[in-house]
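First, one chain by itself: the form predicted on its own, in structure tokens.
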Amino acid sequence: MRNVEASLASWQEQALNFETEVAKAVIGQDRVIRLLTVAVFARGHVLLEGDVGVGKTTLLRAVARAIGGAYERVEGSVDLMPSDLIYYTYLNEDGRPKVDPGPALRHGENLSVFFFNEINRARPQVHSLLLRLMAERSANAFNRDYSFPYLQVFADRNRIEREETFELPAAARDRFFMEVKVSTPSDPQIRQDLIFNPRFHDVDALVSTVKEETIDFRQLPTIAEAIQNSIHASPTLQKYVLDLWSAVQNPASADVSLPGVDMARLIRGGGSPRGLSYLVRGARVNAWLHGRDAVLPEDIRSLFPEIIAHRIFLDPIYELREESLTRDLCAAIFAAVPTP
């Protein structure tokens, strides 16, 4: 037990160093960096959303460099096919066709970060293949099975352009541990630096300031398991989470109300068991990062929107207001469900 505690303490220091390194490349995004750190140590995949040019790609490149291991990046496009992830064909120097493993396979089990840029530009068939990579961390090709024990998928999606884009199906969104909104920083000094400081104009040089392999990606599954087994959730905390779940599934029964909304009709589907287990998993990591051995309500509340909101599906009449309604619903649920 003492060895586990010592290991957790050592890894907590490395986790905080990881945040410091990533912050060298991205300023004004402390909360987003903390959310990504939680996801890394909870072994969850992440989807980033935000306007064009807010730094999503820079952020993910910095995260990949700090994690270390093999890194692959794929650009989403309407003509991308599932086979493009598995293999590619070309003519060798003899003019003969040759087939080599594609980006998902070429590094084998050493693949640690798979970055899918503009995922909503890819076709549903590509989403289906990605779903298996995310869910099972495995693939079958060339008459053999490939395993990716250290794999984490990071993707980004811009919500500005609608042409030649494909909305992610519910099953694919549910496989993402978090959906994280990346917004332009509001601090005036940070905004000025981003515009006028040449340091932030060369992305390659900026990312190169991040120390490589700040954490050992091969040990992440082991330490993630140790965190889950060592950080406790009291019976009171467990009841609180179950009450939140009930309120998500049936807001009207929990006396949750929103102006101008029929609460009995609002929810078409709300929060799967997987989603709530992810919430607790993330809360344990958040407690660990704060040096605690038990989950507190604030650990649950701080991660609730990013882990649960994209698992709440609204009635079609409310879908055009989905983003604002789910945000308001989460706040109303917190106000209605007593905090222990």
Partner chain sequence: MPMRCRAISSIYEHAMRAALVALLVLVALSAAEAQVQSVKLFTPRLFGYFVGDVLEDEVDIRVDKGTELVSASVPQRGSINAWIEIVGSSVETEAVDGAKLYRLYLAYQNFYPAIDARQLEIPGFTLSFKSGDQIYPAQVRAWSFGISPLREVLPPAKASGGEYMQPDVLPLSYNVRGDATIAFALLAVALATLALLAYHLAWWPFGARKHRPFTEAARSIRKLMKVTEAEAAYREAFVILHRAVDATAGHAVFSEDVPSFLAQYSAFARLKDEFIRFFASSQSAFFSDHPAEAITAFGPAELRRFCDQLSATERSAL
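This one's a predicted model, so the numbers in the text were calculated from it and none came from an experiment. Positions refer to the first chain, counted from 1.
The following text describes the form predicted together with the partner chain, which does not appear among the structures shown.
**Student:** May I ask you to state whether G44 is within 4.5 Å of the partner chain in the predicted complex, using heavy atom distances?
**Tutor:** Taking the distances in the predicted complex, the answer for G44 is no, it never comes within 4.5 Å of the partner chain.
**Student:** Test of understanding: in the predicted complex, would D30 fall inside 4.5 Å of the partner chain by heavy atoms?
**Tutor:** No.
**Student:** Against the partner chain in the predicted complex, would L237 count as a contact residue? Criterion: heavy atoms within 4.5 Å.
**Tutor:** Close contact exists here: in the predicted complex, L237 approaches the partner chain to within 4.5 Å, heavy atoms only.
**Student:** Would you classify H232 as touching the partner chain in the predicted complex, given a 4.5 Å non-hydrogen atom cut-off?
**Tutor:** Yes, H232 is a contact residue.
**Student:** So which of P297, G271, G69, G50 reaches within 4.5 angstroms of the partner chain in the predicted complex, heavy atom to heavy atom?
**Tutor:** By the 4.5 Å heavy-atom cutoff, the listed residue in contact is P297.
**Student:** Pick the stretch from 237-245, 77-85, 138-146, 119-127 whose residues have a heavy atom within 4.5 Å of the partner chain in the predicted complex.
**Tutor:** Of the stretches listed, the one contacting the partner is 237-245.
**Student:** Within 4.5 Å of the partner chain in the predicted complex, counting any non-hydrogen atom, which residues from 95-127 show up?
**Tutor:** Residues within 4.5 Å: none in this stretch.
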